[in-house]
Every structure is written in structure tokens, then in C-alpha cells.
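Form predicted on its own, single chain, as C-alpha cells, below.
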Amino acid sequence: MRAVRKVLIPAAGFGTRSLPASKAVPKEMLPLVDKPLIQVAVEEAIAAGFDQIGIIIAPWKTAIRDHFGPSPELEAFLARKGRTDLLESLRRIRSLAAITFLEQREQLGLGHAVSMGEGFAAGEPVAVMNPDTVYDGRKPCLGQLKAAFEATGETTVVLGRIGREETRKYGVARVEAAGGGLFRILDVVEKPGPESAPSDLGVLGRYVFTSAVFDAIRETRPGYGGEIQITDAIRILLGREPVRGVLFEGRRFDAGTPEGYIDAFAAFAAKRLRGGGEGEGTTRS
């Protein structure tokens, strides 16, 4: 089966759920202990075996681009002070992977953001990961999807159990068991609410798509919130090819909200204090 090597990280949104903290600082640059969320996402992708990363940014989000670039003045200062540990950690950031920056000049939804990566994907399958959804488990979440995709060649998304009220916040899937820890997705609905939700399985921020996703996005009309929803593009895909789901076993944090961010920070800080650091099969935060 053809390997999937490329991943898109949408990071162009206004971060309204994190205001006012994200007014001047992109939410993707908020720290999870000592690394910004965007770096945590990049390191998860690397741990999962991806070697080409496309970060989708708005033109004004220069801090994200700067984070992965050189910092001559700061590096010279650290060198003069003999802080080789910090110097090496900074130099490591810009050598993590081959990173391409892609601009989304209008914020028209996740589906629209993904469409900005069609040229980057260049006809290959491509993963997508939301950087404000943080996973902590025995294996990198994106790695589990990658393995499932490479075994089947079929679009694969992560699923997680959500509460009834959370069905107002996420896409929700109707599924049937497919064996081997996989589900066949029969339908998916964007933010249906508890009265209309087809299950308690949310589609939660990690995807590996066949190249057919870009045609599906082109045919997707604005949906919930007047935006191009990736959930609606997946519904179009379902009429053309199988879509699989992988149920993630571990902890998930919605770090795009103040409450979820606090929970994530506390959990990863506690792990650091007890020596978990960058191991234990986490997202390498």
C-alpha cells in the first residue's frame, strides 16, 4: 500500500474561542509547558512518521513562521552566555522537518483551509491535524491513523467518545464495526446537538485523506456557520469511497478553549514533573 508522507496543519483561524489571549498571540503559539501548541503538533507528526509538513497560516500570523525559522540575535546571545542546552533546543526547532508555509487569506472554514494544501499534496494522500486538539496516549494519534490508512488505502479519521452536550461542538459519526479496531463510517453530521446526534462518536481533529478529498471540497457548499466544513466534504466522499474510523484510546484535550487548555497544560506539566517528558508514547509534548 502506498505510504502517506505529507500532513497539513491548519493554523490560519482567528482563535475566537481563546480570546482575549489569542488577540495578539496566535492560539497555536500558546505554550503547552515549554513548547507552543504548533510545535507539539509538528512533533506528533514527526513521531508518526511524516516527513513533509504544510502549515496553513494567515498572512498576519508571522509568529508561527518565525518560530520555525532562525533567530540570530537570540542564538548569538545564548552562545555568548554558554547556554548550549538552550541553543541546541532552538536550533533543533528549525531542523524538525521539511516545513512548507501555505497562506489562507480568508478564513472560510476547515474544509477551505484544507483546500489550500492541494498543490502541496500533489496528488498524494495527505493527513490533516488540528493543532489545538492535543492527544496523549501510548502511541501518537496520527500514527494510528497512518497505520490504518496504509493497511486499507481508505480515508481514515479519528473517533472519540463525547458527551451529549459535546455533540453541539463536533462532527458526529454514524458507524458500524469493521473489525480490527476499525469502524466503517456511514454518515457524519456537523454539530447536530443531542436531539439529532447519530451516536456518541465525534470526529476529533485528525484525518488521513485520499486525494479525492480535494474534489469533494470543491463540491462542498457553505454549511454550519456559513463555512466550508470538512465534515460536509467527508459526506460527499462517503458516496464515492469507503471512509474508516479509528477509536482513539487515551486522553484528548480541546486546547482551543480556556478550560481544555488549562486541563492540557496541567496534565503535561504533571507528566514533566514526574519525569514523563517526551516519552511514554505521548504526542511528544
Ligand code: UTP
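All figures in this text were calculated on a predicted structure; none of them were measured in a lab. Numbers follow the displayed sequence, beginning with 1.
Keep in mind the form predicted together with the ligand is missing from the figure; the text below concerns it.
Note on contacts: among 185, 189, 110, 159, the single residue with a heavy atom within 4.5 Å of the ligand in the model of the complex is 110.
Between the options 131, 117, 202, 125, the residue in contact with the ligand in the model of the complex by a heavy atom within 4.5 angstroms is 131.
Residues placing heavy atoms within 4.5 Å of the ligand in the model of the complex fall in a single listed stretch, namely 26-34, out of 26-34, 65-73, 235-243, 39-47.
Contact check for residue 252: every heavy atom lies farther than 4.5 Å from the ligand in the model of the complex. Residue contact with the ligand in the model of the complex: residue 12 places a heavy atom within 4.5 Å of it. In the model of the complex, the ligand stays beyond 4.5 Å of every heavy atom belonging to residue 210. Within 4.5 Å of some heavy atom of the ligand in the model of the complex lies at least one heavy atom of residue 104. Shown without its partner, the chain has 61 as the single residue in segment 49-74 with a non-hydrogen atom within 4.5 angstroms of the ligand in the model of the complex.
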